[in-house]
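The chain below stands alone and is given in structure tokens; this is the form predicted alone.
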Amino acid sequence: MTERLFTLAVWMSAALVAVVLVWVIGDLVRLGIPHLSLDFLFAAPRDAGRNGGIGPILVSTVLIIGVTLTAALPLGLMAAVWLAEFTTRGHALGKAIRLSLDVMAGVPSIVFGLFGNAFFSIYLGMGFSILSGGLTLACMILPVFIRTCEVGLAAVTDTWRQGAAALGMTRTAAIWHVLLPAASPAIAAGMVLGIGRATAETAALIFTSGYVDRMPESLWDSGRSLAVHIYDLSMNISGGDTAADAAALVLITLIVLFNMLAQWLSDRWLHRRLVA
């Protein structure tokens, strides 16, 4: 009886999560689909976003995410490799870095926004720009990405390392051709979590990338992300709810596409290292 009750509770929990997800997405589809069109996707917003489209905002969002991933992925992957392969559990510096990462993962996004504004926008002179917003988001996703990749590398059994050593591979070659491909599911999971948080971020970008809704000409221009645009339409613009629903549907679609791309790139690139 206990086993059956536990199994029923597990299935009911999974079903509840699925129902909530379908409810949210279904509500957005119902409210947003009537407003979606090619003109909405490519045109510039008019009348404070009530009319027109989200073309410049989509471009700004993609550029911000591009800057974020370009800055965070190499740095995060190298930090994870160092923590997993070059330190021990009792290593004082490693323990301090792990504790710092865990604390940073729980820091509210508004704090990262204030830091990004003070450091990137003011101290480094980047101002309200796509570059400033992307680098701020990179700081936000690094803790989760590093810890996820570290756990994935640590989970790779020592037989992989011993096999690489038996073949005469250097430590660098073993990490690049053996350990990273073996840990690719964890790396992909870290990328998915990071992309999801960065794409849906609002508070940090208000202080760094800004509110400007025109087409950006460079990374030094201010740019409004989709999440900020949705917030502005919902909270500050009377009559902007319909456009906000359509933009939210586009944002969810964009997150799904980014996640699928991250998974595909991880499988294609990292697994190819095994046969390289």
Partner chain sequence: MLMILSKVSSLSRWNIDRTLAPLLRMAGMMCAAVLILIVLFLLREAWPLLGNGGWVNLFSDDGWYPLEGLYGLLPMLAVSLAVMLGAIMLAGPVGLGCALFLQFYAPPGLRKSFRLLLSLLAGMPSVVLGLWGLTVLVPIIALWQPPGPSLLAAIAVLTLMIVPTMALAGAAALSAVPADLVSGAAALGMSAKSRLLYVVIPAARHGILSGVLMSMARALGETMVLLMVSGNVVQYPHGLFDPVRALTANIALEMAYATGTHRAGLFASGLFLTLLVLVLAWLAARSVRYD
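This structure is a prediction, so every number in the text was calculated from the model and none was measured. Numbering follows the first chain given and starts at 1.
The protein also exists as the form predicted in complex with the partner chain; that form is not presented, and the subsequent description refers to it.
- The candidate spot formed by F40, M191 and W220 is out of contact with the partner chain in the predicted bound form: none of the three has a heavy atom within 4.5 Å.
- Partner contact region in the predicted bound form: 233 to 241, out of 59 to 67, 233 to 241, 212 to 220, 43 to 51, criterion any non-hydrogen atom within 4.5 Å of the partner chain.
- Contact check for W264: no non-hydrogen atom falls within 4.5 Å of the partner chain in the predicted bound form.
- The partner chain in the predicted bound form is approached by I255, whose closest heavy atom lies within 4.5 angstroms of it.
- At least one heavy atom of L93 is located within 4.5 Å of the partner chain in the predicted bound form.
- Residue contact check for N117: one or more of its heavy atoms lie within 4.5 Å of the partner chain in the predicted bound form.
- With contact defined as any non-hydrogen atom lying within 4.5 angstroms of the partner chain in the predicted bound form, the contacting residues in 1 to 40 are T2, E3, F6, T7, V10, W11, S13, A14, L16, V17, A18, V20, L21, W23, V24, I25, D27, L28, given in sequence order.
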